[in-house]
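Heads up, the chain below is alone and in the form predicted alone; it's given as structure tokens.
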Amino acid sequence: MLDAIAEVREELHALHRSLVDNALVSWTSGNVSARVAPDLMLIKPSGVPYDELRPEDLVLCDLSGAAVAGTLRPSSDAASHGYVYRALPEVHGVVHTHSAYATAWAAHGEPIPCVLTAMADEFGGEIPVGPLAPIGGDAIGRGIVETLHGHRSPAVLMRNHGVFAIGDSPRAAVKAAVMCEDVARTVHLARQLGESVALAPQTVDALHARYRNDYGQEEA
């Protein structure tokens, strides 16, 4: 198990670097976590700059968000990540960003409407808005789970806060966060040109099914 956790540390370290590379975070904001056992996760330590972060710095926590090894304190979002893992056993990665365009939609308190085929593909509809919740406990996690219930979107805009995205792996969660920012920017730009036309529900369903079932390469 220790070897497996070491591999996840390396993967998470690279994924945190990708948040910077994709301009989704600034300074020490944001985090990625990974479920490494039914009741354990790894997450970024609180307040550590990305350019100083090392794989061994990632904090092993239980799903209440409490550190179970090491001396660094986990992210202030740890309890919320843990709540998501407890509530959604199929989730193995959670990411949080303050990316500019998506967070602007969160500040406005408005879902991003599904007006792009790329949104239908990745999110299966609009990207919903979750409630404003206090930082530090599991309230954000509760808001994530409640908001995404009944949605196909792997991303949620937590009101006045930022983006949280989930996936069956940490990489899938980061992909959702990258795509969330991409479509948030495009839909914002489209609004400067006038009214956007939402895709019909049957079109969204067909695009989402094609993307899930036919896009990409078959696994060996």
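For clarity, every value in this text was computed on a predicted model and none was experimentally measured. The first residue of the shown sequence is 1; numbering continues from there.
The discussion below concerns the form predicted together with another copy of the chain, not included here.
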Within 4.5 Å of another copy of the chain in the predicted bound form, heavy atom basis, the matching stretch of 60-68, 182-190, 32-40, 148-156 is 182-190
Residue contact check: E7 to another copy of the chain in the predicted bound form, 4.5 Å heavy atom: no
message = When the contact criterion is heavy atoms within 4.5 Å, does P45 count as touching another copy of the chain in the predicted bound form?
response = yes
Though only this chain appears here, would R86 touch another copy of the chain in the predicted bound form if you measure heavy atom gaps against 4.5 Å?
no
Q.
Within 4.5 Å, heavy atoms only: does A165 come near another copy of the chain in the predicted bound form?
A. no
Practice problem: Give a yes or no on whether every one of D3, V91 and I127 sits within 4.5 angstroms of another copy of the chain in the predicted bound form by heavy atom. | Solution: no
Near another copy of the chain in the predicted bound form, with a heavy atom at 4.5 Å or closer, the residues from 87-105 are H98, A100, Y101, T103, A104, W105
